[in-house]
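Just the one chain here, the form predicted alone, laid out as structure tokens.
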């Protein structure tokens, strides 16, 4: 039997204290009924004897303590799930906002999920093609991986997120039709939300996508649930429907700010820069829900996107994210000023699992060699250009001048792809070979002679 309580003691921001409560558990979902009949949702944050601290999902404005009632549901926050979610747009709390009917659920799942047992995890080792050369060619995304994108305020990470959601696919023809995207937009503006929805509808990507939209005007507390709603939908599609799911979440910084707001309201002792001391643990409970399970055909691959405050990689949010995930793609303000899109800074970017998803049978036999040679040549070209600024072009050797030329062409043609071009991995690798031919063959020291003989045109003059 569900009991109602009229013992609301105090409201402070998004938190509310209810006294003389019996049989309520941590994380349980509650409902507050106002005298007008309006209902607002809440969640149990803390239980101390018969006193319960709850967190409001909506605003506390207009809440009459004496005449409002609280009842608890006996279960946590749940999301109704079904394959019919594909092609639909939901609020941050899982309510349809696209004008369509409610989902007829096949199940209702707790949004906190169940961690994947490490002993039951399969190692990520299959290539996912995003159509973006700087990712596919140099920092390859592998099925089951967590690969965040570190951006800065004002950089076009939203365009890159939409491009990846549009273009991403599993290479195998037998599994391509079972690929889905779950897109969680956290604390974004109405204009950004409209951009994502209209872009997915325009390109047809909406048919294989589930969107969860939390606007900046929505209660901050809702942001804490939005990514978990998205991951719950992803887990159902991956492990119940055997689909390969790519989860894209933007912006994790807004999520962490909401976490800090709740922590401050609870008067918790702050950690680095005011964020709660459990920020690492909290982020890990989300990120570690990605992966592959033994005995399951499906998988969850995650691309969290976060804006670094003041472009600072040592800020707690990117710093802790880097510890939990397997690499990072870094967007550069310098590349953006040059007009290159996507403005990926190749040299500090990293995918720790890239070697597991490339090579013969996955991408192409020459992938590892060309990737290493492009990295090496671009790094040397950048050094040559820096020397050119200090000493002048005349001070460089002829080979260094070729490296400087390679660096410019690499940025203009390889990195500067645009947000509407979808390159296959073969096109990316062929472009890499074309750029490497700016340099003498004798400089190809990171590619095996066998691969070099096969892909370097024999009619060219050997250097």
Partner chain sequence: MTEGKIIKISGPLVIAEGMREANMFDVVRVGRDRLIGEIIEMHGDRASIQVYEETAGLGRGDIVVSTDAPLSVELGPGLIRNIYDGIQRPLEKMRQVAGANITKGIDLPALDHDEKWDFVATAKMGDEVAAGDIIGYVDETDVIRHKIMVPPGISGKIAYLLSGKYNVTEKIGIIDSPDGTRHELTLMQKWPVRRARPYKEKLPPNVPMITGQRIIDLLFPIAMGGTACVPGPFGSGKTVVQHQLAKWSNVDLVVYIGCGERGNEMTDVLREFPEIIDPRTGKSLMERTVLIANTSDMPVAAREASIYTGITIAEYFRDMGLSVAVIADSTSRWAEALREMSGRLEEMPGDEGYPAYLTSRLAQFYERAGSVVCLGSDGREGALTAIGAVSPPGGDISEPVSQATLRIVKVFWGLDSSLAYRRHFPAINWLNSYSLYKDRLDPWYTENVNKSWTALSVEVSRLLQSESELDEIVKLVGVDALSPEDRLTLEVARSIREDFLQQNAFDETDSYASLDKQFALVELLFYFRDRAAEAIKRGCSIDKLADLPVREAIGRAKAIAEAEYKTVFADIRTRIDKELAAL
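Every value quoted in this text rests on a predicted model; they were computed, and no experiment measured them. Throughout, rigid core stands for the largest set of C-alpha atoms superposing within 1.5 Å between the two forms. Positions refer to the first chain, counted from 1.
The same protein also exists as the form predicted together with the partner chain; that form is not shown, yet it is the one meant from here on.
In plain terms, the part of the chain that comes close to the partner chain in the model of the complex, with a heavy atom within 4.5 Å, is 381-389 out of 208-216, 381-389, 159-167, 332-340. Shown alone here, residue 34 lies farther than 4.5 Å from the partner chain in the model of the complex, counting heavy atoms only. None of the heavy atoms of residue 58 is located within 4.5 Å of the partner chain in the model of the complex. The closest non-hydrogen atom of residue 18 lies beyond 4.5 Å of the partner chain in the model of the complex. Taking the partner from elsewhere, residue 452 is found to have a heavy atom lying within 4.5 Å of the partner chain in the model of the complex. For the candidate set 108, 281, 95, 198, a heavy atom within 4.5 Å of the partner chain in the model of the complex is found for exactly one residue, namely 281. Contact with the partner chain in the model of the complex, judged by any heavy atom within 4.5 Å, is made by just one of 350, 103, 86, 265: 350. Along 110-139, residues 114, 115, 116, 117, 118, 119, 120, 121, 122, 123, 124, 139 each place a heavy atom within 4.5 Å of the partner chain in the model of the complex. The Cα position of residue 307 differs by less than 2 Å between the shown form and the other one after fitting on the rigid core. Core-superposed comparison between the shown form and the other one: the CA of residue 11 stays below a 2 Å shift.
When two forms of a protein are overlaid on their rigid core, residues whose CA moves 2 Å or more are considered shifted, and residue 444 is one of them between the shown form and the other one.
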